[in-house]
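Quick setup: the structure tokens below cover two forms of a single protein chain, split into structure 1 and structure 2.
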Structure 1
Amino acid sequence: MEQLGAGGIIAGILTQFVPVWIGMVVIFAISIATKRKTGLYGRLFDSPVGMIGFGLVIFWVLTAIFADLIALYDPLEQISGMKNKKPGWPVEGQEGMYYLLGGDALARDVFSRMVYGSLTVLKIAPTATLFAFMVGVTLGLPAGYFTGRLDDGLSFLANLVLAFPVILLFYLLVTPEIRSTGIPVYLAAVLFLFPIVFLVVLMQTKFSTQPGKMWFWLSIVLVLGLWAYSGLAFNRDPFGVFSMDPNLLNIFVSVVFVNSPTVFRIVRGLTMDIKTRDYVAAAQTRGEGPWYIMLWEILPNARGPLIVDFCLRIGYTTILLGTLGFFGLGVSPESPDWGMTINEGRKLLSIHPHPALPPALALMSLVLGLNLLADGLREQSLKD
């Protein structure tokens, strides 16, 4: 077999991504057809910038979902004779099989590692950012609503964390020495409680006049929440459904800890502004409790800026994860994490640029998509 030319490489890559193209066509068709009924999400498709950003993001989301179908090889598989081979190089002894983007210094398929790298990033960044928002919202709402000593104390703690340079703080939190002290487990024990607290208060305030429904939903939240909590924070799930590798836990907790203070300050500021509105005064006049007002009057009216910040923060987290991987502090030394793959490839960049460029472009395109998506959402949320 001969090496593929540029046209053959492009055709091969496009063919491997067929599940993604089909998924994108279906999602865009349904979204555009129903855009007048889906609120802010639907209005996103009136913004060219938002549509481009959404397209880039959904491309990598679907790539992560269909990684097993798209990738040609296991990301850790080494094939003899494929070390640092150029893009389009045929695999010896495997008729019709090629390393579409070449091989790396350990004879692994760069294309497959790029594809599985999206799964690594998208497993951590959105979920950890969501946890950070749970912490920031749960603390930011009462701080902005009640102010006083509670606000002063929480703001001081947030400013204390924010006083450290983000990259340096993140770097310190994920080092093996910190992990050996057990600090990540202690942080997880505290931070992972906030989603449970948030959902419990949310259900209690929503169904306070319907005790039957309230206890039904509270039971579900507490059972599932504490089950997940025991597995994720302490790795003690008796059924083995919820668990987290110690290194992954370290990174996950670090993301939540670093992002929570910034989310707290945003939520606090929005709450202090919105609580002066007439509809909040009307809810107070009706005799609604403080937590009901915070969760069902203030928070829904702060959704625009928070959704925009959520998208941007996933992008920041993606960059942070890439930076950690580049410094060798990723999920695992052999992980196809984009940052780690870039670091491995840059050592031979002047001789073999192909191992480093695909993951770098993948990382750039995902962050660009998130930023454009945030711009589109910001543009449309201002119309509310």
Structure 2
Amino acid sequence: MEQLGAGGIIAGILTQFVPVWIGMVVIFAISIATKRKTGLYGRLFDSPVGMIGFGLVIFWVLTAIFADLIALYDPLEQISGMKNKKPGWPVEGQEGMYYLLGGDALARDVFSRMVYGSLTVLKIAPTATLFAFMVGVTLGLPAGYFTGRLDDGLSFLANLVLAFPVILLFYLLVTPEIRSTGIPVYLAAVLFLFPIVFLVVLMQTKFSTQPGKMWFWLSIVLVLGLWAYSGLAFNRDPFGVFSMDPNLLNIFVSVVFVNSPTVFRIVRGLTMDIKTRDYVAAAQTRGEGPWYIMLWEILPNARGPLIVDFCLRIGYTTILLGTLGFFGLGVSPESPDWGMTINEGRKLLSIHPHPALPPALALMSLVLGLNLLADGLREQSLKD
């Protein structure tokens, strides 16, 4: 068999992504057809920038979902004779099979590793960002609303974390030695509590005038929340549904930890602005409690900037995860994590650039997509 030319490689890749193309066509068709009814999401399809961003993001989301269909090989599978082979190199003994983007230094398929890399990123980045938002919102609202001592204290802590060079913090926090002391678990125990606290307060304030409903929702939140909490933070889920690899937990917690102070500052600023509005005064004059006002009067009106920041922050978290991988602090030494693959590839960069380039471009396009999406959302939310 012969090595594929550029056209053959492109054709091969496009064919592998067929499930993604179908998915994108369906999603775009439905979204554009219903765009007048879906609010801000629908208005995204009025802005070319927003659409391109959304397309890039949804491309990678679908890639992650269909990774098993798209990838040709297992990301860890090594085939002898394929070490550092050029893109489009045929696999010996397998008719019609190619390493579309070549082989890496350990004779693994670069294309399949890139595809599976999206799965790693999209499993961690959005959830970690979500957790960071829960922490930032739960602390930022009272800091901005009450101000005074509480604000001084929390702001000091936030600035403390922000003053830490990110890279030093990661070098100190994401190590096997730290894991053996159990510090990540303690951090997780604190940080993972915030979503539960947030949801409990949310339900309690909303339904405080209807105790029946309140207890119903509270019990659901508490049962599900504490169940997930026991599994994720302590790995002690009695039913074994929720669990997290200690290494993954370590990275996850660290990422949440460095992201939440920034979210805290944004939420605090927004709260200070919104609390001067008359409708907040109106809520106060009918005797609403502070947490009701924060969560149901202020937070919904801060959602615009927060959604935009959420998109940007997922991108930033993706970059952060890449940085971790680049310094060899990634999820696991073998995993097809993009940052890690770039790091492995850079050693032979000037001779064999092909293993490092695909993950680099993949990461860039995902982050670019998120940034464009955020820009489109910001632009559309301002038009009213």
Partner chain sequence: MTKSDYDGPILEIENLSISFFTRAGEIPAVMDFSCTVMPGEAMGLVGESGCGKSTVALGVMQDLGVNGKVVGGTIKFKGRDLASFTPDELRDIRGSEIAMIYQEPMASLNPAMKIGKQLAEVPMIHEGASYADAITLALEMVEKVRLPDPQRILNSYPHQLSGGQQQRIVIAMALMSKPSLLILDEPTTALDVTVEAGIVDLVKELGETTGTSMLFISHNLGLVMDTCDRLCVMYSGEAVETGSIEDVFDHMRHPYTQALFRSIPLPGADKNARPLVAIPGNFPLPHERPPGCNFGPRCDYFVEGRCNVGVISMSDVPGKNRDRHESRCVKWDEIDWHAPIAAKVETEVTEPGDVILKIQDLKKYYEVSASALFSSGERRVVKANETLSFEAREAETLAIVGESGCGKSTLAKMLMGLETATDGAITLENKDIGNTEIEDRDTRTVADIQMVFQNPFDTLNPSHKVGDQIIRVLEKFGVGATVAERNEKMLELLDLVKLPREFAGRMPRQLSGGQKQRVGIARAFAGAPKIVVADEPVSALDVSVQAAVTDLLMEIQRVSRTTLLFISHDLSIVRYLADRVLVMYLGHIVELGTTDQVFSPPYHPYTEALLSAVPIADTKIKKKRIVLDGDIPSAMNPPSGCPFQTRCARKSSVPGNLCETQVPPMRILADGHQVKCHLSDDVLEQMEPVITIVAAE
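Because the structure is a prediction, the values reported are computed rather than measured. Take the two forms, find the largest set of C-alpha atoms that superpose within 1.5 Å, and that set is the rigid core. Residue positions are counted from 1 along structure 1's sequence.
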{"query": "Form predicted on its own - which displayed structure it is", "finding": "1"}
{"query": "Core superposition between structure 1 and structure 2, C-alpha change of residue 178 at least 2 Å", "finding": "yes"}
